[in-house]
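Given next, in structure tokens, is a single chain: the form predicted alone.
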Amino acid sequence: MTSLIARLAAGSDARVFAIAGAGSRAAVQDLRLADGVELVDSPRAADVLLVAGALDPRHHDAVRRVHDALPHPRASVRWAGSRDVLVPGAAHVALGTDPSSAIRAAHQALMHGTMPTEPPLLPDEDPAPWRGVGPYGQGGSGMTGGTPYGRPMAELAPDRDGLRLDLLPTRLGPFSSLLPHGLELDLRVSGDILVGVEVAATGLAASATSASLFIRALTEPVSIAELEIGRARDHLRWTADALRLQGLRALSLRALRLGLHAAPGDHRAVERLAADIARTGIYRWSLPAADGARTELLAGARLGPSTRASGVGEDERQADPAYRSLGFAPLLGAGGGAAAAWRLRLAEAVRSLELAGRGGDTRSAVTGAVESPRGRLALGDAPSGRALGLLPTLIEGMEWGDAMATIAALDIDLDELGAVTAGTSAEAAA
């Protein structure tokens, strides 16, 4: 019976929790389309840990904690340009090479028992002293407080309804499936309401693969067809992640397949995808309603689709004579909110593919700023940086699901932010 179960398990998909370091965001996302590999949202559900891209040394302990959260038997694959020993014994695959075969091989070896499970990387000790502390031995004062096993207990605090309720301090990130990897939030949660939000840390390691097409357009003319195809693909990739967060897996994979190879002739396929998304009812039931104060904040932040969804026509392409020669005009939404931003992104993907089809050999002008898929981008000024500045105000007071949908709608790209910051530092040094 044990042998039969092992054979059945070896024939199943490898369940992988992936850590996306710098320069690996799109590559990790594409693994959702790989045969025999299933990316899962929690290390507790995985048997293989994939550590991809360049990692900030500040996150090494977080990687080790994620590793030790995988149940036995477990194995690791390092997908990067360097052969570091962050996870001893991990199989190494060069970034740019398909890691699927190494992942499947590790999974099958684990299930057949021909590969030993990986031992813990961290010592088996409490992250914080708590045993015997306090009148009940739980590490705090009274019946609250303390951090038994490193997990903070709730404290009593005033609620917005005038009551004194449990308030749970929670850190989310840096490798949560709900956030861009590299982002850490310190939250105070009352029930399912976020009553306090602080950005604890942001950033990924520097990577040569982090610089995008839009960053290149800051300093040199780039084909408008290339820029608009890149914009459409980026919008579709964002849509795939947003749909996955909402549990619409089939539509998410469909959006990702479109985003992988979208070309000017695919605008009808994007329109059909948009219509099918609308038919799910997600705009009515699963996204936070438009809020006047939050919409006003987004309207002034030049955050691309999130700003234009509120009816504000901020778009750097209007300042480019090459775009004006093609008759470009920005698309605008009405009312703001996550639903309006979703609709606008899909409409912009269609418009971008149409624009790419008639762009020909036209190249962009260098004006000092470009319109990236996330908004106005200039050296030292990335839309993701502005979005992070607004984030605590935007999600404080929201229910958990609405807050996560709002964060997703901002499309925070720490690779882009890091590349723009690095470019400014290099320019200053020169």
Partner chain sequence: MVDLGPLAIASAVMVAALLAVLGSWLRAARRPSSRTAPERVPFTGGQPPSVHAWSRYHVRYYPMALLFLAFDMEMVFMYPWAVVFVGEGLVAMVEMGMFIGILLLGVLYAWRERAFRWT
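Computed from a predicted structure; not experimentally measured. Positions refer to the first chain, counted from 1.
One more form of this protein, predicted in complex with its partner chain, exists but is not displayed; see below.
- Message: If the cut-off is 4.5 angstroms on heavy atoms, which of these, E220, D126, E198, D98, is the one near its partner chain in the predicted complex?
- Response: Of the candidates E220, D126, E198, D98, D126 is the one lying within 4.5 Å of its partner chain in the predicted complex.
- Task: Have a look at A329, V85, A94, L163 for me and say which one sits with a heavy atom within 4.5 Å of its partner chain in the predicted complex.
- Result: Only one option qualifies, and that one is L163.
- Task: Report whether the minimum heavy atom distance between E296 and its partner chain in the predicted complex is within 4.5 Å.
- Result: Because no heavy atom of E296 falls inside 4.5 Å of its partner chain in the predicted complex, the answer is no.
- Query: With a 4.5 Å heavy atom cut-off, would you call E354 a contact of its partner chain in the predicted complex?
  - Reply: Result no; E354 lies far from its partner chain in the predicted complex.
- Message: With a cut-off of 4.5 Å between heavy atoms, is L260 one of the residues that contacts its partner chain in the predicted complex?
- Response: It does not: once its partner chain is placed as it appears in the predicted complex, L260 has no heavy atom within 4.5 Å of it.
- Task: Look up in the predicted complex whether D381 has a non-hydrogen atom within 4.5 angstroms of its partner chain, and give yes or no.
- Result: Result no; D381 lies far from its partner chain in the predicted complex.
- Message: For the interface check, one of 317-325, 152-160, 301-309, 85-93 should have non-hydrogen atoms within 4.5 Å of its partner chain in the predicted complex; which one?
- Response: So the stretch in question is 152-160.
- Query: Which residues from 304-326 come close to its partner chain in the predicted complex, meaning a heavy atom within 4.5 Å?
  - Reply: Contacting residues: none.
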